[in-house]
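Shown below, as structure tokens, is a lone chain in the form predicted alone; questions about how it binds or moves come after it.
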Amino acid sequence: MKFFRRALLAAAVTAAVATPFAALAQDIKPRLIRFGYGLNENSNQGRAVKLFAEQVEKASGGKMKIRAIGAAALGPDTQMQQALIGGAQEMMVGSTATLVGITKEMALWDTPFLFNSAKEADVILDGPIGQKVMDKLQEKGLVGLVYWENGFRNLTNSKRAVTKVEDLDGIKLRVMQNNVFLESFKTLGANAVPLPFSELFSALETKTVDGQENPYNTILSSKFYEVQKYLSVTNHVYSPWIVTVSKKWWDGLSKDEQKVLMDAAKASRDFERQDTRAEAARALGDLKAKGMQINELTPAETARMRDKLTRVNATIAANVGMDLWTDTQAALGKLRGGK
């Protein structure tokens, strides 16, 4: 009988202790993380954000959940960057070019014809040079996690085929809100107009601008073929995206939570690059099938374009710092077999 009473008492105590904790566990809500991006859900950007969200939820056992918000619903890149710095938003992925006003070293990635291939870009971005540039963001209230691929940028417009530099004369060309892009296209003869990406389709449709420049994937997913007739393959800039988080918010996470996000970011980077490159290989054919007239610049015309931009490159080198510029050129020379 004594044993029976003790068992009942022990059970009662266990229930009394367990019930509040069980209830408390049920009341704990997952950490909700707003992840903003500019393209639509069906884009390469959207697919990679979805994979990132799945990885985070799985690795955290549901304790961390990503709320993916695309189509620039949280504003253009510049607005989201300020929201991250102020701690009003947790995460985003966007262009490195729109960060130049915050961290001048980011202008390195805007250098015309910096990379000859995606392989070169991967090695530099994922290596010590890419990390050095990314680390500069922390001084401004942001933390960079990984670089994704936007891709090699090409020209589209509604006026004429661009087969030589002179064909750019007078074309109203939308560029990112970035001085390097502005100066580059002014130097090439275009009437460069800075405009947020979220306003671009409407501007093309209403002829506020004649053209724009983006990778094949973005041209396709954003349906620019509906308002643009000519696509000129120039590969003038390799454009990365960067996954960033609010430093205010990041510093409040545990080491385990930070690791979950970093591991998921690396997995999403590898997926996104593979997905983007596979899509780019198909996209050019899809754009042609949708009626775009496509031409490729000859090597001689590409060389003329590159030569015209020499002064722009010198300005970039001065702005990002000669040590960073020299280290980058040395690393590229080594990759290309230089001594």
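Fair warning: this is a prediction, and the values are worked out from it, not measured in the lab. All residue numbers refer to positions in the sequence shown, first residue = 1.
What comes next is about the form predicted in complex with D-xylonic acid (TK8), which is not displayed.
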| property | result |
| --- | --- |
| Among 309-317, 279-287, 293-301, 31-39, the region lying within 4.5 Å of D-xylonic acid (TK8) in the predicted bound form by heavy atom distance | 31-39 |
| Asp110, Phe152 and Asn235 each touching D-xylonic acid (TK8) in the predicted bound form (heavy atom, 4.5 Å) | no |
| Residue (of Thr244, Asn214, Asn157, Ser268) lying close to D-xylonic acid (TK8) in the predicted bound form, criterion heavy atoms within 4.5 Å | Asn214 |
| Contacting member of Gln228, Ser184, Ser95, Gln89, with respect to D-xylonic acid (TK8) in the predicted bound form [4.5 Å, heavy atom] | Ser95 |
| 4.5 Å heavy atom contact, Trp250 and D-xylonic acid (TK8) in the predicted bound form | no |
| 4.5 Å heavy atom contact, Leu84 to D-xylonic acid (TK8) in the predicted bound form | no |
| D-xylonic acid (TK8) contact at Phe115 in the predicted bound form, heavy atom, 4.5 Å | no |
| Any non-hydrogen atom of Phe201 within 4.5 angstroms of D-xylonic acid (TK8) in the predicted bound form | no |
| Residues within stretch 296-323 having a non-hydrogen atom within 4.5 Å of D-xylonic acid (TK8) in the predicted bound form | none |
